[in-house]
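We give structure tokens for two forms of one protein chain below, kept apart as structure 1 and structure 2.
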Structure 1
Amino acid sequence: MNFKFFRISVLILLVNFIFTSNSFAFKPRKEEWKPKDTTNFVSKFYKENENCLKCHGQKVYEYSNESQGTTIRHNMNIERVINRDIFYQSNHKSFKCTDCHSNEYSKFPHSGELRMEAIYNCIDCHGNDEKYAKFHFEEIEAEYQQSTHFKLEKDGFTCWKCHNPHTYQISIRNSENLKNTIAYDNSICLNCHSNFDKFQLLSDRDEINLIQKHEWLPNQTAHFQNVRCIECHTKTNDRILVAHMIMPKDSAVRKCNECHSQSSILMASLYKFKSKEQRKDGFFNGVMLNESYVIGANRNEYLNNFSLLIFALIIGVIGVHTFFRMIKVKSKSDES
């Protein structure tokens, strides 16, 4: 009876240990992150901007032809339509249109020569500015110039192909908004790579089937939802928040152990917001990857050794139990 009680007690302790030790990886998911409401933002340049948005803020615009005494209505080119709500939630929401565009645009009809106007890029405003030094824009520019995209610059590829100045939002990654960050960043890539009409503006290649090109990747849906395209298609850089050196497709990550290991490249890219101290020895990897579990990246040598010790103890308990059962059976057979 006492031995039976001992076995039950050991079993309860083991079950309790298993559930508590694995609590890292099985925390309940937090509520889906929601962006802060910025729709109440009122720009001090609102009236000036409305001079542009009264036409460019809608799909149809009209103007008066005074010589003929008529009102003309036209469809606005979809590429020229600026959504007010999205613009006033973007990173450039505090700007006025003529901060980036020529003052000559205030005249209507616009001069055809303005179409040839040089457009600012990120480094023109953000480069060599102490206020933005922590973002290392100069290094981002240097990386971009080594990127496979840079060779398309003469054909019109600029920062704005990925970072639309009228809509772009940047947020610091954290555990709460990670899913949204992944979806937002991937949409930047897919804006061209899954839209053949836009893709043709920069390439003469045939349309690419992304699903088919990634058919080697197991469980595609889980990978596309939990990692960004740039995790596999850029070279990581510890000095900047997001790598900009887009590599040729032949250099993309294809080996599982690049991510599924204690030294996972995800720790230096997607999960860079976690401190290096937390990433040490992989102990906190389970916490970090709670939202998108990555097998192999959650291992910890101390827990591994402790698990082996528990396993050895279980084998020992089974051995002791078997030994006493054999003695009991033998004593019964001797008595009979």
Structure 2
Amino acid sequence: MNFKFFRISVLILLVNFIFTSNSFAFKPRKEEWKPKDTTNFVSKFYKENENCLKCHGQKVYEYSNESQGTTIRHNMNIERVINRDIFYQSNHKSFKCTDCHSNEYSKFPHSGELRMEAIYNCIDCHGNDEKYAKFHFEEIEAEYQQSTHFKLEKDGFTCWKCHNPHTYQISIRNSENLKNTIAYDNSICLNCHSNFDKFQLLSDRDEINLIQKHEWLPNQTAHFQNVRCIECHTKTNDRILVAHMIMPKDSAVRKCNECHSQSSILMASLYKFKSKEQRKDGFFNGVMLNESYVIGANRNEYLNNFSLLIFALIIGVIGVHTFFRMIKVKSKSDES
């Protein structure tokens, strides 16, 4: 048990590390930040954004008191640090900070009222917009309102809590590496569910020990690397790519065969986007085969039929052989 605990802790640490490590690496920048040559996206607003990122771009910021001529250095709270490289790869990379935040933020210290700043929700911009129709924001919104997290809205839960405004990037839709997508999607949940600091902002419940709660699942590490939390915790919905209705824990998937069987639910969730075109070859679940191996769900019709054939042949030969032996025994006893 301890070993298992160790492995899963390492996993969770690792996941957290991958997605936060960059923010630790920053040193105060003396020279001006410029987009790297390697990135093909250069924001129109990158200079303007530097007005904010000179402080929010790393763990150290400074400000000077002009009348006294002194400069003071402070640490920026890690929660308020925004990683430029990740921001400029995110879905909203083309935005300037003040598209979402008040212009008032250009003043420092920021005014206290700004703390109550009202911020747009996804649906405010994306709702009923032809350009984003394929995402079905309205359907997602409706699902979210039935999800178990929705009761936390009054405490400040919003779509932004899972879709970090400064980092969120679509993944499964154009995933080239399913494992990375799984790690990314799970890190969204683990952001609160393996970080009690965040969790307690929203709930008075005691810490939920994920490893212990999922003790019933063997090979936890393998599972958490190969399926997403939402596979078990949401209800699949054919109309959207990523189901958003997180159900109460009692409705979570627990039976192995939901996944480990021919009509695996994974075909309707994790492997959904890729599965459509790839079903033709004899492999029943072509996609799944290329990405991972799910006992019970991977079956090949040709191999199945072929092995049945061999099996039948062998039994046939044995049958014939037995038949002749019986004839021989009979003729022997007839002779004597």
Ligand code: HEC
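Structure 1's sequence is the ruler for residue numbers, which start at 1. Everything quoted here is computed from the prediction, not taken from an experiment. What we label the rigid core is the largest C-alpha set whose atoms superpose within 1.5 Å from one form to the other.
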Matching structure (the form predicted in complex with the named molecule), either 1 or 2: 2
Exceeds or equals 2 Å, Cα of Pro109 between the two structures, core fit: yes
Yes/no, Met326 Cα shift of 2 Å or more between the two structures with rigid core fixed: yes
Rigid core fit then Ala312 CA moved by 2 Å or more between the two structures: no
Core-fitted comparison between the two structures - CA shift at Glu66, Å: 3.1
